[in-house]
Structures are given as C-alpha cells and as structure tokens.
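Single chain ahead, by itself, as structure tokens, in the form predicted alone.
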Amino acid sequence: MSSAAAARLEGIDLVYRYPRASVDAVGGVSVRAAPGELSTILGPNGSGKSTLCRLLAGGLRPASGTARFAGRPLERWPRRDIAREVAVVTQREHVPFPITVRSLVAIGRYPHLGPLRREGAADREAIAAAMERCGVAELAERGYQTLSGGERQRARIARGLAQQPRALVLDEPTAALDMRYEMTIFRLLRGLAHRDGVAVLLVTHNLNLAARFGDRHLLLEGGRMAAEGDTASVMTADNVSRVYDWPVGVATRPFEEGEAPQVVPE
C-alpha cells in the first residue's frame, strides 16, 4: 500500500436512512480525503452533508457501503487506535462541566497518553502549538463556557490539531466565525493538508472559500452525488445553479493561492 493510500479516509457507496424516514439521507455516495489534499463536502441544507460527515467519522454506521481509513473499515479499528489517526470537529458540542480552554485542547492528547500517563514535553508542545495556530493561546486559562461561539469553535479545532491526526474531519468549522477567523481557519486547514500532509475533509456552506482553498469537492443534492472532482469541474454555473435552484454566474479570480472560480448569485 502506498503512503498516500495508507492514510486515506474514504467512503464507498455509503447508504444511510434515519429511523422512520421515508428516504435515504445518504444514497450511494462515495467520497475520499487523501493526504496532502483539502477536500470539501458541499450542498444546500438537507442535502446530507452532516450525515455523510458522521458516517466518515464513525458516528453512524452505514446501512450499506463502507467507511474506511488506511484501507480498513472503521468498525475494525480499535477505538484508541482510530482516535490517534482521525480527529473530528463536530458542528455542535455541549460541554456540561466547567473547563478551561487549555484543558479542553489537552483532551486531544488523551488517545496518545492512556489512562495513567501524564503529559510529557511533546504533549505540552502539541497543545501549545495547536492553541497558537487557532488563535486561542491568549484564552488558555479562560473558562470554555465564557467564550463566544466563534472562540469556542476555534478552541475545538485546536483540540483536533493537538491530536496530531493523519486525517481531520470538520463539520462546518467556520459557521460561527467572522471573516478574519474564517480566512484564518481555511488557510490553516490548507496548510495542514499541503504542508503537513494531513488528509483534511470539511463540510462548508461557503462555496467561494471552498473553491479558493480546496483541492477536491463533492457536491450533494438530496443525499446523492451531483458532482465530484477538482475545483474547475465541480464549481460550474450549471452545477451550482441546478443544485441550489438559483441562477449564478461563475468568474475566475486571482488569489494568493492561485486562480479560483467564484460564485455570484444572479
């Protein structure tokens, strides 16, 4: 197995239907997150994005099809082993007990520590680096419950980075962030993929930032694949207008990261 395949997170022909639902939330969808690439899952509300994300993160088990990491189905991975390899940042999370930001981020090291081992120098370095990269280092001793929604989201992303995973799955990681931190997080995730070789997969509603920073994209419509591939092949006016049921124009613009199509509603 190649090194890239050894760290690939992928879903193959995934099908999932919620109890008492009359249609599949995800119907025969395949997606992959390869090392060194930033991949996105796109689509309107109710298209199955978050459900697909949960299937790939192991939070749901598909009715058929396979979700796997490094060629092994997720259900065959021991929990501690897969927690070292794949970090997940969910869309929402309730933390019912008081905890500082630093302690929350440190939870990302638990799969590496075990029940009896204390933090070592490498663990403390990973925690500090993750907080710095997500802009929450100055909040280290603040209570998590006292933070704004955007600050909480950045702290949770930092926890995922502290895990030092080979794959990172994020469900709308910038939904509560203002423009500055939205740009910061997208640049951070692109750097994790391109510089550090992490397989990054994120759900987002921001088509233009996905086009600017992403390498591959899956566009969903009604729980099924509407388009999949590189930016140029997915971000077309025809694809976006059809899936979002609204006419759009698409124009290519130059950015620091290179040229990218940008979507403008008409």
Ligand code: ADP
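Quick note: we count residues from 1 along the sequence shown, nothing fancier. As the structure is a prediction and not an experimental result, all values here were calculated from the model.
The form predicted together with the named molecule is left out here; the points below concern that form.
- Remark: of stretches 194-202, 66-74, 45-53, 233-241, the one touching the named molecule in the predicted bound form is 45-53 (heavy atom within 4.5 Å).
- Using a 4.5 angstroms threshold between heavy atoms, V250 stays clear of the named molecule in the predicted bound form.
- Contact check for Y18: a non-hydrogen atom falls within 4.5 Å of the named molecule in the predicted bound form.
- Looking at 24-40, the one residue that comes within 4.5 Å of the named molecule in the predicted bound form, counting any heavy atom, is A25.
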